[in-house]
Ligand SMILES: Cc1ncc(COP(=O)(O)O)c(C=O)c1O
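Let's start with one chain on its own, the form predicted alone, as structure tokens.
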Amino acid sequence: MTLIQNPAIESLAPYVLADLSVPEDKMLISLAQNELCFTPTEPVLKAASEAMATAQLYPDADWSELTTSIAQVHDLNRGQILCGAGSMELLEVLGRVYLSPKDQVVMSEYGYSFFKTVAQMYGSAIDTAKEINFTIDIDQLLAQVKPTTKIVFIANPGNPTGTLVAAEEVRRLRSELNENILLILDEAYAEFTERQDYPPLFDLVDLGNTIVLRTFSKIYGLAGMRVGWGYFPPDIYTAMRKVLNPNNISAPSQAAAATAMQQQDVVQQRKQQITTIKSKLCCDLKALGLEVPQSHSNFVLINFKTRQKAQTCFNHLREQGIMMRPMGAYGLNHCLRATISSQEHMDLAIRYLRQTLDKI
């Protein structure tokens, strides 16, 4: 017997994670998944461990301690904060609430691939806007908007590019969009940027048609705990709660994230360390003749100019146990993406890249 699938799901390609397979005699150095290179602090580990003492109980469905911590740090209304099992869950639920086969979404050319997945899950058409120098162009996005456009997705800083659009440009996008179009602003990497022209944009949520998403998977270093959050207009908050799993985040994950949010001094230290390592990496890559767009994240996009050169370098690095992320799925088969890791790991990657490029 063959069961008939939802046509949108039947045609959907599985979401592909990074390949982390290396030779058996090599230790894996993963630069492929944009994970933080620092382990959780002792207070974070202690909070998660203590929460296990009540593991027989369901977790707090209102994420009370966690949302209180977020609200205090960002000066937000706790009653407008929703948490998800990573921001991916919140994106999927937004699609479930607002998208249908009659709708269209707009995203940038190299926008986060899960935006496309969300649209495809609910049968919505996708319009993509050209990027300029690997950076979102607001005019190009606006040019793709149609009467049937329901959602505009942007990730800022971008993934996989790492580039950033100034806050005033994001505000211009919102002001020039029809008020019945939902703007979803994914700021998973916002804590890494040092640009003074990108202050927080949570006030856009007050307009009633904009959502700002954040995550604990990046600068907070809790990717394995699966915690994301967002700031929502009251009406959208109410609609989301109707379908969002009420027990979606475990008690240890909530406790760990709440404690991590309170450690803003640690966040700033990590930001500075990553910025320092990233700056040296970019200088070293440029010295090898490679192009690197300015990154405001914990990764860099490396432009090798040709698919063959990128593939050759990827293969040689993999032979040494170093895994970068090929970008062919984004139409960037001449690029690799490298997560910022320890200085030792970055120097090792440069060493093997230099060896490979010298032979090409």
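Source: prediction; values computed, not measured. Note that residue numbering follows the sequence shown and begins at 1.
Another form exists, predicted together with the ligand; not displayed. Remarks below refer to it.
Residues placing heavy atoms within 4.5 Å of the ligand in the predicted bound form fall in a single listed stretch, namely 188 to 196, out of 137 to 145, 262 to 270, 188 to 196, 279 to 287.
Interface residue among T210, S87, T161, S108, judged by heavy atoms within 4.5 Å of the ligand in the predicted bound form: S87. Annotated contacts: R96, F153 and L183 are all free of the ligand in the predicted bound form [non-hydrogen atom within 4.5 angstroms]. Under a 4.5 angstroms non-hydrogen atom cutoff, the ligand in the predicted bound form lacks F232 among its neighbouring residues. Though the partner is left out of this view, Y122 does not reach within 4.5 Å of the ligand in the predicted bound form, counting heavy atoms only. Although the partner is absent here, Y237 is not a contact residue: none of its heavy atoms lies within 4.5 angstroms of the ligand in the predicted bound form. Contact between T149 and the ligand in the predicted bound form is not found at the 4.5 Å heavy atom cutoff.
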